[in-house]
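Starting off, we have a lone chain in the form predicted on its own, written out as structure tokens.
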């Protein structure tokens, strides 16, 4: 047996990637599967902005292929600074408060490595994306906040408060993966006030409590939904907030691998050192192309208007369909989409009987039934840290063709109608 480290031996792989692999194998075998598992885009349906693509090609043609600086090329840091000011009303210095990385994952990893010492505690709500894995990789202890559908699966200050004195990092995300829901202004204000009060208590005595605020989906808020951030609501949060951001979701550029973080300069400089040592920088050509694109406000606005419209058509198409199924008496439900590319749906089917007589015992049986009878592949919330008893699921619409939605809903209805 090959010996490996305890960390490697005990690390759990991505449940989402595992599910997607199994589904892709079924597709290869000729089965018709509507695969809404991975939080990604079909580039044929959601291509990256044309200008961004052209500028990537341009910079490769002009031999921009050597190492970029560890914190990102100056042109992109300056462009991100301008972009944040123009679109988000946030003022961060390109010199020492913004760093660039190969997408959001290295940013999150470097935040954990910069803030959390082994044995210290990290608070995060569930369902949420991969906070459990990053906590494990940091040899930290997790404090899990179980959220509820009644509050759109977003945590409140009251949920967090009993644990606040124990932790050094609070990890939040809005719009949230997997739910597509967002913090309301008053919800986040209460959390910020709690963090500020806790840090006044700690001042001069112990490490501050930092907030990692993952807003990678903030450009995909829908309709009249408001995106709020800690620093705009409470300027004093600037000293304690570490943002996660990038082009992966808002510009459907998941494979381009350009992300960034912004926050207090002393923390950013330590994150820069970590990212430099692991080489987690975005390619120079992609960085320069992103800088060119972000400066073109017209191109940015046109693309964002288009992708929000396309995401909204798909999300509300499924949402309206699930609410209609519920109105017809089927044991399903959905939470109205607010942002991102995700719809939260419920299949309350445990204990129901298949036509063949088998009883659906739990989530795995329900997923198998929907996959086999409706060709409908989605991710259960237990893949995001929730209890295996949860009957809520994520539908990711980045690979969905709008014209297939009625057919998929019809297949789901037929599958549900065969249960007793």
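Residue numbers count along the first chain shown, from 1. Computed from a prediction, not measured in an experiment: that's the story for all the values here.
Beyond the structure shown, there is the form predicted together with a small molecule, which is absent from this document and is the topic of what follows.
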Exactly one of 147, 177, 241, 138 comes within 4.5 Å of the small molecule in the model of the complex through a heavy atom, and that residue is 177
Listed residue (210, 281, 129, 251) with a non-hydrogen atom within 4.5 angstroms of the small molecule in the model of the complex
129
Only one of 241-249, 294-302, 315-323, 118-126 has heavy atoms within 4.5 Å of the small molecule in the model of the complex; I'd like to know which.
241-249
I'd like to check something about residue 217: if you look in the model of the complex, is any of its heavy atoms closer than or equal to 4.5 Å to a heavy atom of the small molecule?
yes
Does any part of residue 155 reach within 4.5 Å of the small molecule in the model of the complex? Heavy atoms only, please.
no
Just checking whether residue 105 would be counted as a contact of the small molecule in the model of the complex - the rule being heavy atoms within 4.5 angstroms.
yes
At 4.5 Å between heavy atoms, is residue 173 in contact with the small molecule in the model of the complex?
yes
